[in-house]
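Next up, structure tokens for two forms of one chain, structure 1 and then structure 2.
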Structure 1
Amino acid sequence: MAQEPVVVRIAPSPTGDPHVGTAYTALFNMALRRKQGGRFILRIDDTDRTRYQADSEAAIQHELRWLGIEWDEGPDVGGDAGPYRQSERTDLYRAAVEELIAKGAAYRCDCTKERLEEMRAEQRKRKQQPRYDGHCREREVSPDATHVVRLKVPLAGETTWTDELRGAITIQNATVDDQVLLKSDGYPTYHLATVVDDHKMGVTHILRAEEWINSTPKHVLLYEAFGWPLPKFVHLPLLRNSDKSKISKRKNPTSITWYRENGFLPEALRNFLSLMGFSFGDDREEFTLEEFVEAFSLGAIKTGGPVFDQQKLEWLNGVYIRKLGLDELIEHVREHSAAAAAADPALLRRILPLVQERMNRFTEFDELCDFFFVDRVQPPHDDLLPKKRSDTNTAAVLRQARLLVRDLPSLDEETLEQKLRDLAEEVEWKARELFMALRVAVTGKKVTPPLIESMCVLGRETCIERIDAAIDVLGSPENPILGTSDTSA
């Protein structure tokens, strides 16, 4: 188990919201780096100026950090191999391209967009693979004219490399297009930039998504043309929608920001992502980042594409929420609920233990606890009535309960519960019937945190007011018939 230090990297594009796929790849890269030592680089692939979004880079960094992903080198932390934005490395790419042209491995091409489109349309019509026809391969295109630079892919032969997870992969060169390396705007394409940077930055292991397998021959050809040693290639499985297609925001939330804002804990998302394609080899599913790193190895990664199951993520998030200490819990809930943020911290300390095990996401707090924060609740008439109990009977019992609450020396949980149970017995109601009627009266809902505890948190005055209001909903009977069920005859 010789553990050579590695140099790994992720190269997200600042073209939109930070993607869970980026986090997934980053997680495995970081795990390998931490396990074996070395460097983990964050490189910003901002070579597509048309899709570039100015605030995206900061968002990516922010969300990755939120998830617990840390890099050794990057645009924000510096490092010896910088700059770490590809837009700041264009001289390197231009020089590289000149080298390739000089070596005959690349050529200038001034074909217009229109010509290319026409050509492809024609090829499609003839049921051929749409690909560059080599028009400029042997032409002399002036460096001064508007042009791109293409890779001169051998017309015959094949390119083979070893994927660390999948073994040898061979692709016929004839199926590889003459890839554009340098765009007419002077920026490199991914293929050129990634090869140049990975080499210059000393990258030893390229852990990236499976969707890159088919363009790997281009990269291998470039390494060969430059005379550079090949890094190890590790193509990770692709995260999937529930229909097995590549995960996409149309079918699944893919923005890390979304998960943060919708009440997920970074540890839970991180743990969940680790489970995609990796396992300890036993039944362990809940584990810390440190445990993951310790157990991690490339050999433990599965190659089948895992479906991103929201339900399991929510369950796991609930597991993590339940493990939180009260102070942490308060902090998180305040971030996700305006009501909680505005509430007295002392009040929150009493409410949260009642709902901690009832939330799978922090955003569920409001739905669960709204009745603590409003002036009055609106108990639906029908919900107030236990099965087969009349309006009059129920109102009468609630009146009794009201008196009981009013006259209790102190409103503590044990006494309140005992007295209410006594009352139920006295009026010949099941305790559960009384509790439900009171629950609806006091909270307006049939599903709530535990009643007795909730009442004690609400306080005597509020409980009395709400019971009164509930009695009003039922109408005020003149002659309450106590202790009977008047529909039972």
Structure 2
Amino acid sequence: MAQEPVVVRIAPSPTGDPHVGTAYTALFNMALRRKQGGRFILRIDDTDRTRYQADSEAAIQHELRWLGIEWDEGPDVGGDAGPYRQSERTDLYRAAVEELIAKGAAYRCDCTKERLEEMRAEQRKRKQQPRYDGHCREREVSPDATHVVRLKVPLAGETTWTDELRGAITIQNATVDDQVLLKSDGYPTYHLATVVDDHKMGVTHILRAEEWINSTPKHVLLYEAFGWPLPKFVHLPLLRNSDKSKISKRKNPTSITWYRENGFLPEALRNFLSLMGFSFGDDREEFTLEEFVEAFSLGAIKTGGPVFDQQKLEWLNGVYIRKLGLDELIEHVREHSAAAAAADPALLRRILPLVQERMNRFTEFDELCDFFFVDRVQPPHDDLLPKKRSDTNTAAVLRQARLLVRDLPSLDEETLEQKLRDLAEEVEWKARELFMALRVAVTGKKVTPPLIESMCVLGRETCIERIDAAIDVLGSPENPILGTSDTSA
């Protein structure tokens, strides 16, 4: 049975960095539109002029497209339902408000800020929920006076609506505030603008975060006041921190830009966001956008609070990194590392296979591989020493390793590894002790790409220079039992 086409939308506010919550909501809207056909609209909610940031709209569009999210209509692509910035639709909102006032469903309110603050303080003192007291409901307020326009919520009865994920929800009207619809600056609040725009643009399904559930009765009352049919409401579960609180930048990075700049692949972040509210019905955690759309249905959306686990996201990003071909990997790493961008591509082709299995983010390249791009390293004294080995003994063994590296006909991986294992046996060290001392000597750190392969990439001369520097750090005299010092390269 064919499904009816849908009209869906997202309406982000250009008030800061593009939020992962916006991407999450957009992804589910796009999936429904692609599954059933229809239209997906990007509408910019820019009516909060006190928080408006001029460059935020462009950033929203850029980051959503980086994630592979595309819309059919919007301020950048046009469409028949435009304009798509709410600041350009104010005449529609003012006309709608006048219609509501004429119907007796809304009223002008000229209460001052001081009166409202005094009213709320008194309500809190009486341990009441602060809300407008209806002072202007039956007053005549001149249109020429400084005023707002409020929704005239019925004082009795109840409002019932259906959430497609949660079923019927009923709210007592007495608990709903006379919400401001039009502010004194002539701009609408979210409540008025979203209802007017969704109706005028033909939106059939409203997929948004569950934090808007408590506002939905106000929207339902507005639809009823206008005499408009209700769309279907789908409130997606909120992204949460590990402590179940709403995701916030204090506990998790929330900017899409942060994830792009810190070495995440759009496919991985998109896959991860899909998992936040959707399940294939099994343990499957890795899938393409096409597979997500094919399997998508509103009934498969989970209403439990999904935890935005950044460690899991990094693991998933690592899975995608390991699938990249070498050319793709080089391109991504060069975008995130100045050292890689300046490096000889042939050198990168030798280095990157050593770390592809270890990276979960492209920005980890510098931390793992910086020793390839510096003239010298500074090995910490204590890290050079295997447990229970002395400075003198360690320096003597490093001298032997230095001679070995110097005298090998060629520095190939198989020969170098075998000769070093033979040396470890000869000096009665465990191979892992020798390899760790050498690792710290030639890289300056204890965690690196594979040692033997790294030494071969660094080359004979660099390895000898760094082993000599490590021996100097140990400050130990020559050990005559293990061989004489040779300072020639």
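Computed from a predicted structure; not experimentally measured. The first residue in the sequence of structure 1 is number 1, and each one after it adds one. Superpose the two forms; the largest set of C-alphas matching within 1.5 Å is the rigid core.
A.B. asks: Would you check which of the pair is the form predicted in complex with the RNA?
C.D. replies: Form predicted in complex with the RNA: structure 1.
A.B. asks: Core-aligned, does W66 move its Cα 2 Å or more between the two structures?
C.D. replies: It does not, since the W66 C-alpha is displaced less than 2 Å between the two structures after the core fit.
A.B. asks: Is the shift of R120 between the two structures large enough to count as movement, that is, does its C-alpha move by 2 Å or more after the core is superposed?
C.D. replies: For R120, whose C-alpha is compared between the two structures after core superposition, the shift is less than 2 Å.
A.B. asks: Comparing between the two structures on the rigid core, is the C-alpha shift at V176 2 Å or larger?
C.D. replies: False for V176: its C-alpha shift is below 2 Å.
A.B. asks: Supposing the core is put in the same place in both forms, how far has the CA of L434 shifted between the two structures, in Å?
C.D. replies: A shift of 4.6 Å.
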